[in-house]
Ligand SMILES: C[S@@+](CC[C@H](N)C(=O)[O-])C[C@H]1O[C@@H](n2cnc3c(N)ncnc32)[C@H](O)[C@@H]1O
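Below, in structure tokens: the form predicted alone, a single chain.
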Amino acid sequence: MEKTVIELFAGVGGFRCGLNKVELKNEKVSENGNWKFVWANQWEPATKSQEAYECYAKRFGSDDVSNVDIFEVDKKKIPNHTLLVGGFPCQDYSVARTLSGSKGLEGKKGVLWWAIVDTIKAKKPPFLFLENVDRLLLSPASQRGRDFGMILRSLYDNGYAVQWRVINAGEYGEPQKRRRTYIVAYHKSTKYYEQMKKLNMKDIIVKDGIFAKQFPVKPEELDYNMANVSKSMYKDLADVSDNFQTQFYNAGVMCDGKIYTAKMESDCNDIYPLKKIRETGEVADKYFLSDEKIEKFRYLKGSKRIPRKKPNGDPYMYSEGAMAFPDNLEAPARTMLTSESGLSRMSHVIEDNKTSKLRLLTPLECERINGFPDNWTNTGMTDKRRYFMMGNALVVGVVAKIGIELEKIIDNED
């Protein structure tokens, strides 16, 4: 089986950088992996500027990357591929009924999960590798687990089994404590499906599955749950949308609609401290903090109790605990947000290596925190946009480790 890939919601190419161990030297990109990326799509609907696409196209070439709304793409014309990858947004995955009952169900307009569903219906790739925020497993608050249940049912309807894991990258030797849900799905036509189908679901989570190989967990479950999203329980997606609710934990398996999910604890002692990604030379003055900004940060990151009022006028006390100030250089970075460049409680503040003065992270350091090559996003966009791109990006090292196992699996396929 060929190692061909398409990348949806490609951003600045995190999946490709991870799977192909990409390097950037003197503005020249080298891909050191075995995956052939045959097509990608990146389109940002909320802005006229398309910096993410422009970065991707500059680094990898524009021949096989699309910059149009994915809903406008004819999915049948997408090249055949073995692996579909994508970091799709967390949205409301409920379904909307069409006016004519004969037309069945439609995904709510603009919800990008349905673009993935349309693609797998048209192309039937043997494997999927997807990423989303950790709260995906809990949403919406009014019907816990429904959104992920919708995703699992969609994949079940199209012939896939699924493994998932919420991975805190900082617990596995990566330089950022970024928690994300990683999903690998495999079609029932694959050898891997047949292999996994014979195994105990707990064993898949603890020792035999794709995540257990690279992201070990302690064998004891802290909690677990079982559910079913098959046609024997819910007649269609509308039924799931209206009635499904369950407790999903940070690891799980779905096969033939049967779900086993467990709360697992990391079994890894690798720490990548923030100080290792810090620039060692001179850093531009614009990143350093004035005395006024230092005091502002000291307030923002300190503990506080503030009297406030609810919309109905009832008083309550808003409180938040203190954060490390400056950030601990002996630990991995905290989760980086798109607002990293601003005067925000969640922005990182570190001691400069050369002067010991307090400053913000530089865009290059943000790239390192996510595992991208140095200056990957230095393609003409502003610093603010570079921060934004890294706040939206995934941790490249996590993708690389999952890619190692995907290669082994695909090498065993016909």
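Bear in mind the structure is a predicted one, so any value in this text is a computation, not a measurement. For every residue, the number given is its place in the sequence shown, counted from 1.
Only in words, not in the display: the form predicted together with the ligand, which the text now covers.
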Three-residue site 43, 68 and 87 fully in contact with the ligand in the predicted bound form at 4.5 Å by heavy atom: yes
In the predicted bound form, does residue 387 have a heavy atom within 4.5 Å of the ligand? no
Indicate whether the ligand has at least one heavy atom within 4.5 Å of a heavy atom of residue 112 in the predicted bound form. yes
Is residue 11 near the ligand? Define near as a heavy atom within 4.5 Å, in the predicted bound form. yes
4.5 Å heavy atom contact, residue 394 to the ligand in the predicted bound form: yes
One stretch from 57-65, 361-369, 348-356, 34-42 that, in the predicted bound form, holds residues within 4.5 Å of the ligand by heavy atom: 34-42
